[in-house]
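Only one chain comes next, encoded as structure tokens, the form predicted alone.
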Amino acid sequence: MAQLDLLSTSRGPDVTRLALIGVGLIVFVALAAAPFWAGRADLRLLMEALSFLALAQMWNLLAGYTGLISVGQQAYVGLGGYLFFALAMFAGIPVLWAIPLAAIAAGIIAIPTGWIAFRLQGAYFAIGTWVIAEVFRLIAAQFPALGGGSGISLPVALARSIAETRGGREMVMYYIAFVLAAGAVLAVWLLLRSRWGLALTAIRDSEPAAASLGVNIRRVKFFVYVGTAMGTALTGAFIFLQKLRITPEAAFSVTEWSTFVIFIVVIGGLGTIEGPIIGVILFFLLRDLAADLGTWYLIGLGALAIAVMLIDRRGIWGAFRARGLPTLFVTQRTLK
């Protein structure tokens, strides 16, 4: 009897994990087929949610595994948007090619920017990233060709170059958002499964221990900083393609692109792949239910984040994991 109980207990998490994977696959297929069953308003909402998921995965990789708490990732959202507009409008690059090229250009800019930011530590680093974002905002407002402080709209001809019909454009746009979100999740998972992932996990658990094992902490952190900058800029370029207009205030908004993203990751679970997914779902449910409350809505989000951290600072997914729920995205490798 004891042996049977042991077998049922050991198989329990496996069965639960298979069930979670099954539900995840159903959701994945439903999202992949969304243009065929969702209305236009639903598609736009899904595109926004998928964009936030991509941003949240990038910030979570930066903060959850390297300890680089940035409140200035809006710098790369705005930079990606402005570089996309410049490449598409003035360099004559096709719209769909301008998006990845904007991300590459942002990654190049992130190298000297990161060198400056990495001279700061802890809270000073967090404040420094916000200052850098503000500098980028002020610089963007100085280019009359890009609309200066009032911003600029994407020409209709460029928007129509994506596809001939409005339905075709909406489908292309949706699948860009879908690939961005799925790609962000997959990229983080594959990175954590690699040798770099072992270094990141070691840094997350204990920086002194990681250093004693030969991990070049500064190099790993810098690599992640530049990589997340590119991923964030890639998403930012898509976001402002979807909006068809960009202004310095919208592009470099700390509330929209940092505060909300941090909220999503914190309540979902910092340092996990599943956490941002849960956080995005909860954030959009709360926004749909309480957005009409104005300032009270923002106060409620802050109160909820504080409550989650007081109850379990590991977030919702961390609390579930502590109570026996199996990991959906396994990153640990076992010796055979």
Partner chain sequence: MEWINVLVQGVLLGGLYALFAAGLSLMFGVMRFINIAHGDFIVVAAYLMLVMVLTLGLHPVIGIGLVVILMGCAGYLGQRFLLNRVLDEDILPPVLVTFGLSIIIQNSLLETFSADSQRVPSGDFATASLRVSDELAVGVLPLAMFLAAVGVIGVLQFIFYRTALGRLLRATSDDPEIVPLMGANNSHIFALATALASGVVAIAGTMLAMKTNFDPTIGPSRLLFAFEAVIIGGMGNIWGTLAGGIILGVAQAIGAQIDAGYQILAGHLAFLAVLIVRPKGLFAKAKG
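Positions refer to the first chain, counted from 1. This is a predicted model, so every value here is computed, not measured.
Quick note: we don't show the form predicted in complex with its partner chain, though the next part is all about it.
Contact with its partner chain in the model of the complex, judged by any heavy atom within 4.5 Å, is made by just one of Leu96, Leu186, Ile111, Val135: Val135. This chain lacks the partner; the member of Ala303, Leu289, Ala33, Val27 within 4.5 angstroms of its partner chain in the model of the complex by a non-hydrogen atom is Ala303.
Proximity of Trp130 to its partner chain in the model of the complex: non-hydrogen atoms within 4.5 Å are present. When contacts are judged by a 4.5 Å heavy atom cut-off, Ser153 does not count as touching its partner chain in the model of the complex. Using a 4.5 angstroms threshold between heavy atoms, Trp59 counts as touching its partner chain in the model of the complex.
Its partner chain is not drawn, but in the model of the complex it has no heavy atom within 4.5 Å of Arg160. For its partner chain in the model of the complex, the listed stretch (83 to 91, 171 to 179, 241 to 249, 113 to 121) containing residues with heavy atoms inside 4.5 Å is 113 to 121. With respect to its partner chain in the model of the complex, the three residues Ile69, Ile299 and Met309 uniformly fall within 4.5 angstroms at the level of their nearest heavy atom. Taking a 4.5 Å heavy atom cutoff to its partner chain in the model of the complex, the contacting residues in 256 to 276 are Thr259, Ile262, Phe263, Val266, Leu270.
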